[in-house]
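Below, in structure tokens: the form predicted alone, a single chain.
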Amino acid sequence: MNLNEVKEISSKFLLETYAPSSVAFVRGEGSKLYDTEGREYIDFGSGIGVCSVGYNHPRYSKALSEQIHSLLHTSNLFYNPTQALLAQRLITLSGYDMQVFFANSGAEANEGAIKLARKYGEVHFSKKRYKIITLSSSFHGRTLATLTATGQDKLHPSYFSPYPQGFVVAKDLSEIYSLVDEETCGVMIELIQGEGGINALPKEEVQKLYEFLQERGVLLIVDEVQSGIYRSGELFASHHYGIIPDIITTAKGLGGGVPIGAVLSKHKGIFQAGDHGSTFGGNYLSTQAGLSVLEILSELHHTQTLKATIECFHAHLQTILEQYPQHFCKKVGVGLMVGLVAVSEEVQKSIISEALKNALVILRSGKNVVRFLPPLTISKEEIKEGFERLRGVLEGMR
């Protein structure tokens, strides 16, 4: 199909929940995408941080192909060897004494974390606790509960109301202390806010809050849906912060393109059989994808290849920042979850749209951040070419 045919069929049969750019991709290779017209793009977005090992990675493709020809799904009514192995691998690589529940997405992982925290609040205290505190500018998902937990008023339109009770939004980390009360069971934060402007929370403030919550038995839930699976340069961003959260959620990059989410918890005995579940969660295909992704990325981490890629990408970002102060005022983020703060929302939107015309995929975040989430396997040559295309856009905007 050509682009016009795709657009015509989509407009007729798909619910209008997105406003897609006028491009349809049909294949990929490495960190490059190809559209219906055969045009090649450098991808600095990786499907919003999902395609962590890029496109058509030989080891990843081989692992999935073999699994497809073997077994896809049997349900969680039976033991699943690949699910068990992925849970073991996640825990081993993290170094945390935890157990895992597998879901299908980041929103579902956060739903699981909320339910786990709510039950903890029921069984751990003499009087039930159910409130969960989140931060403004946070993003935790699109289900009703995770949408309510999300600290952005623009995502709480009246037509979805009434929203679930029990969520309290703090304007910043310092306000959380005064909001914790005898009904609080947990605090949910992103250490690096993805949709909220690639905002990395201050390390010392997070550590101080962690100690405060630990002393009171209040759970710290860290949403690593976007920052996890080596996106920050470590398996989890929590490793940078020197904390061991009570609960970690992750998704996006774990499946490399196959939908999967995970809840990791150091509170192992809270859930009992029947408390939570998922028909598709942790099936053979998604967990085999996760195993392959972790094999590839842990190797890149161990050999320092990922570190060198991050350094290369940051060096190019810094050069762009210095060369185009009329467009950007600051570099933000950690690892390969980074952004350039544009001088205005108008400049941000213009750069992103013009970049796509120049065969470069980049993303937006917050009000005025140009976001970069390239595949973690991206080559230095692809990085260089991508920034050359970005520079062409910025030169045209002088």
Ligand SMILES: Cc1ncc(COP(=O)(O)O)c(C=O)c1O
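Each residue number is its position in the shown sequence, starting from 1. Owing to the predicted nature of the structure, the values given are computational and were not obtained by experimental measurement.
Another form exists, predicted in complex with this ligand; not displayed. Remarks below refer to it.
The closest non-hydrogen atom of residue 107 lies within 4.5 Å of this ligand in the model of the complex. Though the partner is left out of this view, residue 139 does reach within 4.5 Å of this ligand in the model of the complex, counting heavy atoms only.
Proximity of residue 231 to this ligand in the model of the complex: non-hydrogen atoms within 4.5 Å are absent; the residue sits far from the partner. Although the partner is absent from this view, residue 195 contacts this ligand in the model of the complex, with a non-hydrogen atom inside 4.5 angstroms. Note on the interface: of 77-85, 309-317, 212-220, 107-115, the segment with non-hydrogen atoms within 4.5 angstroms of this ligand in the model of the complex is 107-115.
Of the residues 287, 226, 134, 265, just one reaches this ligand in the model of the complex with a heavy atom at 4.5 Å or closer; this is 226. Looking at 238-264, the one residue that comes within 4.5 Å of this ligand in the model of the complex, counting any heavy atom, is 252.
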